[in-house]
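Given as structure tokens, the chain that follows is alone and in the form predicted alone.
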């Protein structure tokens, strides 16, 4: 607001004191979790013209971006093979282009309000919303560790728990520890560039999909069943790993440049119970067929939900997201006429 030369002092004083107090924006929907399910929900929410905010605590794009950016994804329809990070960025791009707002913030609390909910983040922000969609994957987690000598000291200096870029292992000698799909996929991901890859698994058989097992056994990857890494050694960087054979009770020292541990992840404490969300077991959210939770106005989709016959796949989570958004829309438009 400008001043005119003809304005008197009282008018100028009045104009100076005038301030506009705008009410805080109230979103139609806040999505907690920015992985494939949450980003898909963002796209579909915008097709219904719902004002939408997506909050992601770790990396926008979810586990594909944070945990498996260079791992190939073979089971997402329309892509015979695509790297996880690339697929994640396509999800992000689509969601942003649809008009969803994305922010890298960790949600720490949800409070019920007369008009809906207030969502608070660790970054100190508070957002108002009419509905919430929980699409948090398996929640915040940290990798399980071997708890062997040298592991902590050499973490980040040859000891790794995820592969950010497979090219980092070019011409290196690598031990991969684990026997599930993720461990096998890591070994398959890096063996072409690496000088040597040894896959160490403490059991006598893998617990992975047949396709991955067959690929490993046909590859040059050296497999050590019934074996465990008992110590990791090196002067400032990984140089050796000691592997114990559970059958022969003998130890063997391998000269290596890196040890990648992938024996699972342990979740951090979940805030879901204090938000009043009914769980299935310790961490999974119990949902109805319409993806509604035990709290009216809060829905859920993706790896964090539980129901009979649930299968944790990217495409499954995306389908649940569509169902959840339709339910959110009907809830907001009550009485719904269609």
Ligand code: NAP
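Small disclaimer: the values here were computed from a predicted structure and weren't measured. Numbering follows the first chain given and starts at 1.
Omitted from view is the form predicted together with the ligand, to which the following refers.
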*159, 87, 146, 223 - the one with a heavy atom within 4.5 Å of the ligand in the model of the complex*: 146
*Have a look at 244, 265, 191, 127 for me and say which one sits with a heavy atom within 4.5 Å of the ligand in the model of the complex.*
265
_Distance check, residue 137 to the ligand in the model of the complex, heavy atom within 4.5 Å_ = no
*the ligand contact in the model of the complex: residue 94, any heavy atom under 4.5 Å*: no
_Heavy atom of residue 142 within 4.5 Å of the ligand in the model of the complex_ = no
_Just checking whether residue 179 would be counted as a contact of the ligand in the model of the complex - the rule being heavy atoms within 4.5 angstroms._
yes
_Contact test, all of 166, 235 and 257, partner the ligand in the model of the complex, heavy atom 4.5 Å_ = no
*Okay, which stretch from 109-117, 191-199, 207-215, 168-176 lines the ligand in the model of the complex, with non-hydrogen atoms inside 4.5 Å?*
207-215
*Which residues from 93-127 come close to the ligand in the model of the complex, meaning a heavy atom within 4.5 Å?*
none
